[in-house]
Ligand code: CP
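Here we start with a single chain on its own, the form predicted on its own, put down as structure tokens.
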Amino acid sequence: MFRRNLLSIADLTNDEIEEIFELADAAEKLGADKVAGGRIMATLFYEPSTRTRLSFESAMHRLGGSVISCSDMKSSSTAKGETVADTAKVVSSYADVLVVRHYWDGAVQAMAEHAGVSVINAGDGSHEHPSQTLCDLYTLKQEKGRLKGLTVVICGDLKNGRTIHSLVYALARFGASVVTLAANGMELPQYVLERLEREYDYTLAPVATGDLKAVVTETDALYLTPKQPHQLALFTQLDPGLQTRLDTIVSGLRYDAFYMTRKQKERMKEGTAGNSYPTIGSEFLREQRFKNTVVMHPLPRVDELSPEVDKDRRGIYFKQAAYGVPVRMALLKFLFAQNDTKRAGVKKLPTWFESPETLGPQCANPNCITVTEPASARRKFDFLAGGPGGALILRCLYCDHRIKVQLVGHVKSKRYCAYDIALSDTIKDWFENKELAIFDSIKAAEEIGYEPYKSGPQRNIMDETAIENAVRDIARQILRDCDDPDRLLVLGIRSKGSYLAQRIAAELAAAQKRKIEIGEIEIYGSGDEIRRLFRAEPEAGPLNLKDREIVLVDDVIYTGRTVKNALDIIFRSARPKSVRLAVLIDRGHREVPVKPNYVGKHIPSSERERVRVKLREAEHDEKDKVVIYSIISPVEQQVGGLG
């Protein structure tokens, strides 16, 4: 049976959002007509809530419906071990719509898959909070008369705030510009930025925060806009002329709204909640440039908003909270009307990947429902083509986190091989024929009887001595170019780039007789994207990139996409003094204009050839070496009887 859910803001088109706003404008009439008469809403809240739960319940009562509620799931059968799936099946037989908040990312989507009625996401982990975004957009439109062309500054914890993630997607769809002003270490996740670029053609650039000093002094802002083709992250250094142009752009910005958020302490690792944090207070209120800037907050607030703002006309967060009732009345009316049409709907064939084998890829997000309660959610992934270096990327359908495909297998032949861009057409055929397996490790593939495909002839192009000499020479060149060794930071791209970064840092430390700070960048994964390399320094806090001389290290550069992603992450976190790139191997092909500053060896190669750096830290049983070999298509091997 056709039924509509609201699990993500992407579940609504722009026209449907506008339709909901029109219904909210007529909320009194909706209440008078009792459009929900005879219907029951169940509210299931696994996390605390005041505004969301009460505004949903108030909305349902005003529409003439009734409510059954479980405001504390610790006192429900969940405490006895009942799964999300079973709860959904049971409670959906008692109600016509479920409103659910859960501490696991993707848990509400899993519940919707097992429920027989519509489900509304009232916040799932640090993933999304779409109904809050409807309230936020409605508030902005009421105050400013439009959404397109507005500039909204989003401040605070942008990493863990689910409200923020839904909001930036929605603002992008309606053509607004976004300035992110994150607390240190709480920047917008890279997967959110990549989705903005991929789906909405948003570009990004770091901007100076001088004119935002009334809010924060220790972090840089990031300007996201569909209008200006910055792509500053294609550059490894901030050219003065380019920076002047960016400063000119930002100096002319009219700030329409500041959206403040609290520290999401409940989602932070121990020891990270005490960092400096943006605040709005008396200084902000006195700034002439903010005289028409409204201040919003999803609430509850802690100490990021001064009580002085309460008395100012620009502080509209209590009005924002009040809009929660008419907006949610409108949302409920919209969903009921959609479901009452009894449309069969067009049944779409699944386009997601589910492993045909018992062992398959696992979401890297430890808070994802597929990890925390696999009985309620089977692992499903979208393919994202054209990842860094031509990589094949899987996006978890429950939490949006990404993983890089390392090993692929063919179900019928029970063979596996490392993924390479040259195999993309073959992999597409396997997927369409339901013959594709994906593995996290060789061990996983071989445990269920898969054997490796053969590669072409292999030859060594660098031995242990050559690699050692190359690392030493790169370190020498870095010292020659470094203005201030005390401000030097070596960042390796995980994982072999990290091992090379450690070796380069050791050479630098020996030459300078001083310790060199080392970190690593995680292009994929769900933890901190930039972190210290050695966990033995927890007291040091997050890495500070601001005004640093950074040397970015990777093992091989080919298309340049991996480096571009790393540069995106660096510039999104702070504005360094400079970034220089060091690679052991340059294969000579580029899809993006990134040029290494330091190269161990130039090796022109074709797309059918694979260059692999083997390091003792990763291989354990092998010496350092660089090898090159040709890729033999698995299809060719099957036809030729190889293997």
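So that there is no doubt, residue numbering starts at 1 and follows the sequence shown. It should be emphasised that the depicted structure is a prediction, and the values quoted were computed from it without experimental measurement.
Another form exists, predicted together with ligand CP; not displayed. Remarks below refer to it.
Note that among 66 to 74, 581 to 589, 610 to 618, 48 to 56, the stretch whose heavy atoms approach ligand CP to within 4.5 Å in the predicted bound form is 48 to 56. Screening Arg101, Arg402, Arg503, His127 for any heavy atom within 4.5 Å of ligand CP in the predicted bound form leaves a single hit, Arg101.
In terms of contact with ligand CP in the predicted bound form, the residue from Gln132, Thr87, Thr180, Gln109 that brings a heavy atom within 4.5 Å is Gln132. Interface residue remark: Pro298 is counted as part of the site for ligand CP in the predicted bound form, having a heavy atom within 4.5 Å. In the predicted bound form, ligand CP lies beyond 4.5 angstroms of every heavy atom of every residue of 153 to 184.
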